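Shown next as structure tokens: one chain only, the form predicted alone.
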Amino acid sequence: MNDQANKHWGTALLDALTSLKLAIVLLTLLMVLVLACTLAQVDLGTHGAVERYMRSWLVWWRPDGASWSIPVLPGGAPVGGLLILNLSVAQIRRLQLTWRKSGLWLLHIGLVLLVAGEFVSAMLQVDARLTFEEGHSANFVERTREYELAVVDTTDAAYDDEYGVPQSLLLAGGSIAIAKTPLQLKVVAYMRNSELRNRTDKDPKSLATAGVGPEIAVQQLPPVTADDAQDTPSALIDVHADGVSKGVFLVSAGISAQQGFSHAGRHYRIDLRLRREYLPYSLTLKDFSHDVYPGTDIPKNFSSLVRLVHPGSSEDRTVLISMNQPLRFEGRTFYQSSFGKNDTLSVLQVVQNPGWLMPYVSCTLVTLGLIVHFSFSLGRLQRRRVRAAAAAVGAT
């Protein structure tokens, strides 16, 4: 009896999971989330809106002035995951593996890939930027929304030894040992966003005891979400070398002055900066061009002529990167993004997304599936008409 009951419940659960009604509800929820995400971009920016609505488990609503919030909708993550499961299981369970159903197979596979592509992008896509001036080379990119604490050994004039502490460890706090050095860092405080100003007599005593920190007042601010805004993170770091305190340093993305200390004949610099990823190749900006429409300051086109040198593969070539012509190389795509310094500085947006082809493949499969399915349907309709005409002639 228990086996029959379990089988009944299993069948009922499978029927509910693969039902067409569930698929329609999930697709409707996705359309609502897309609409809400689009409207929210006005206040949150593209990145903030996508994170809140499409890449979250729950969408929360907080009344104005309240300190509490309540969930009002499932986020894009559970809706998309359940839709993938619904389409996949329904396809395997119900669709016959025949030529007549090939269009529906292609349609289902395309929809699954379309939703799965967003999951791949959410988990694996990395957005960065590369900034260089004419005549200068760069062999690293900077992640636009991630920071790191850099400890740089500048003792050797020929090269620097850099040690990076990711933002996640700074947020966790505690003590951090720098490998292959006698340094131990203690995170006194970390602020995702902050405001800096010159200290006055009315300000409380600074926690910083070394570097430029004692002269600067810092105030914590909520993180920004707009696309054209950037957080200014700050941290108070207590530096120890072989157990000897070197002082508490205030490091911040808003501080341009170099701060450092010495120990046992070695010199170190400490800085809070955008997280860097070093490349096995370098790009040199040979020339930057900024074209405008005649009689206006409206940009018509801007492009960077760069030299790509990869010692590992003996590759050495010149590439033109323009607004509509990116450079794709070793899994990264370099887009022309911005410029500055009287058209002598170029900023490239660098995107690393292993799933960038999935939307194109999915849309192609959906289109092909619809064509195949309607072709079979039109063929069946045409055959019925021929049979009906033949039967009418035979009857007369």
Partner chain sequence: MKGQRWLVALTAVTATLIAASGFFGDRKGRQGVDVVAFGELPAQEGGRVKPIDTLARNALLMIRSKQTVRADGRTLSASEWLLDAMFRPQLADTYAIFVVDDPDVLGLMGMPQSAERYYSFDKLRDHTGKLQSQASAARRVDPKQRTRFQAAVVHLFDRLYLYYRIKHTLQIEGGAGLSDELARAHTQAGQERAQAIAELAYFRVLPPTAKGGWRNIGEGLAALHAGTPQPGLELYAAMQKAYVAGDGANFDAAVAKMLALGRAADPTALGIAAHELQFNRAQPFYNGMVLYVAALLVLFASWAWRPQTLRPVAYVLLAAGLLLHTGGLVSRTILQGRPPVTNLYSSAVFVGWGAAVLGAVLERLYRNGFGAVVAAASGFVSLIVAHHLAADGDTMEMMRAVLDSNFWLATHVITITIGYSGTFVAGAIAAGWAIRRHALRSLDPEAGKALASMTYGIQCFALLFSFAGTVLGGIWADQSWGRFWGWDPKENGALLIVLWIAIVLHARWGGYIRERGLMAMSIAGMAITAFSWFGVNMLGVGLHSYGFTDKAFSALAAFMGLCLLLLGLSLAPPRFRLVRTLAAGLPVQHGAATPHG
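Values in this document were obtained by computation on a predicted structure and should not be read as measured data. The term rigid core refers to the maximal set of C-alpha atoms that superpose within 1.5 Å between the two forms. Numbering follows the first chain given and starts at 1.
Below, we refer to the form predicted together with its partner chain, which is not included among the displayed structures.
Checking Pro78, Pro182, Gly260, Pro326 for any heavy atom within 4.5 Å of its partner chain in the predicted complex turns up a single hit: Pro326. The shortest heavy atom separation between Pro359 and its partner chain in the predicted complex is within 4.5 Å. Of the heavy atoms in Leu285, none are within 4.5 Å of its partner chain in the predicted complex. Of the heavy atoms in Ser175, none are within 4.5 Å of its partner chain in the predicted complex. At a distance threshold of 4.5 angstroms between non-hydrogen atoms, Thr296 is in contact with its partner chain in the predicted complex. The three marked residues, Leu85, Ala116 and Glu330, fail to reach its partner chain in the predicted complex, with no heavy atom of any inside 4.5 Å. Note on the interface: of 311-319, 241-249, 184-192, 288-296, the segment with non-hydrogen atoms within 4.5 angstroms of its partner chain in the predicted complex is 288-296. Residues Leu20, Lys21, Ile24, Leu27, Thr28, Leu30, Met31, Val34, Leu35, Cys37, Thr38, Leu39, Gln41, Val42, Thr46, Val50 of 14-51 are found to place at least one heavy atom within 4.5 Å of its partner chain in the predicted complex. Core-superposed comparison between the shown form and the other one: the Cα of Ser56 travels 2 Å or more.
Once the cores line up, the CA of Gln349 ends up less than 2 angstroms apart between the shown form and the other one. Core-aligned CA deviation for Ser168 between the shown form and the other one: less than 2 Å.
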